[in-house]
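One chain comes next, on its own, written as structure tokens: the form predicted alone.
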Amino acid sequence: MAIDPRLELQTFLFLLYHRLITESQPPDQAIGGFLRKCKVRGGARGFLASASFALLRKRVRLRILWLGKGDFSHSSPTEEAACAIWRWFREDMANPIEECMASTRAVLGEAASMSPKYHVEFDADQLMNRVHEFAERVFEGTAESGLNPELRRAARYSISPEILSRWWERFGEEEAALLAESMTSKTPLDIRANEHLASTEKVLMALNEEGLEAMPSRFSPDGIRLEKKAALQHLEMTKAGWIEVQDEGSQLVCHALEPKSGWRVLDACAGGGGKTVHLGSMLAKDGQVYAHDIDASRLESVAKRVIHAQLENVRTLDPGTGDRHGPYDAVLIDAPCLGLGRLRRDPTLNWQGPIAERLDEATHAQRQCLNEYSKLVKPGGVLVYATCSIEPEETSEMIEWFLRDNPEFRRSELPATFQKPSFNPADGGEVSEVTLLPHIHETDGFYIARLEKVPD
């Protein structure tokens, strides 16, 4: 006998959330793998993806109310997932209390029957007892009453207490609160026009003809923003290579480099190749872009993206061979980092271990990248350093360290794209570095610095 489709979806949500909090995969990959395994299609696929992200965004708050602390070192995934599904029924679905309990029991019962297939074994009755305990503490107010101010603040924004403490100290209460709020809000959909094939104006017109509410990006010259999510993969313009999904902050990294006609450019930490393809589009046939990464597996998607964008000026290099084609007119170092600027897109960054330890590892890698790849910039050439982080150790302090040890480099003014009040310092002086913040610039958090190697 077939089960109620709504109950099936709700059960899949429980199982998916359980998978997300027990696996180390990035959430988008884990969600995609789960949905393929379940053979979920259409609107159900979008529902499960958005609902599971909503649960992840609220995970810190859930755990603090459940355990009275923000510690993620010890976890009972099935208990947490059971409490999360109850909270979802209560807060997101706004169901009456009795219905929440009945719905949660039905989901757990169905999930228990499916456990052999999804490797999640538990006692549904025992889990419901924990849900009842949690619900009582929430309704009686005892879940929050014993929290210290830091935990209460973390529960309010559902962001790690350690991260919030850093922001409160650095930005002050008012701005830190705005930043925290922006990091837990839904993100718009940013795309970039591949102007090698179609102008931004042409793409905008085509999107609006499709009934999508598209508008030019606030800063990026070839950026477009869609306030609502859309199934872009089905559009002819997507199949034709006219557009790429790319956050506006990421787009601005390439505009900071501003490649000139005839330049040879190295994307030193290319990863999946989003910025590589953007640079290739900016140079079209009049310049060469080289994609390099120390991890060859991260470059596997670059070739496909280059073919899709119909670019002939991009070449992928084997790890450790970037120096064979230098020196370059420009080098982009999109350095490995904590990634906290992407917190609104990846809530799992909240619980990946103590920040001090993660910073030590990240800053060590960043220094290595700067030392190694800066040598490949020709005299008079450009070096752009970028991170999807807003932490000073990885951003402004890293550049200060580099310039102290490398006098052959100096700060260089960012291009006209950045000569706007939102980027200019109070004194109106030269802008050679910017920190993008979601509550101010409506992008992911990014740091971008432009340097020049002193000509011979």
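For clarity, every value in this text was computed on a predicted model and none was experimentally measured. Start at 1 with the first residue shown and count on from there.
One more form of this protein, predicted in complex with a small molecule, exists but is not displayed; see below.
Listed residues Pro347, Gly273, Pro161, Gly322 were compared with the small molecule in the predicted bound form; Gly273 is the one with a heavy atom within 4.5 Å. Checked against the small molecule in the predicted bound form, the residues Ala177, Leu359, Ile294, Ala206 give one hit for a heavy atom within 4.5 Å, which is Ile294. Heavy atoms within 4.5 Å of the small molecule in the predicted bound form are found in exactly one of 121-129, 227-235, 193-201, 264-272, that being 264-272. Though the partner is left out of this view, Asp334 does reach within 4.5 Å of the small molecule in the predicted bound form, counting heavy atoms only. Using a 4.5 angstroms limit between non-hydrogen atoms, Phe134 is distant from the small molecule in the predicted bound form. In the predicted bound form, the small molecule stays beyond 4.5 Å of every heavy atom belonging to Arg315. Remark: His308 does not count among the residues lining the small molecule in the predicted bound form, judged by a heavy atom distance of 4.5 Å or less.
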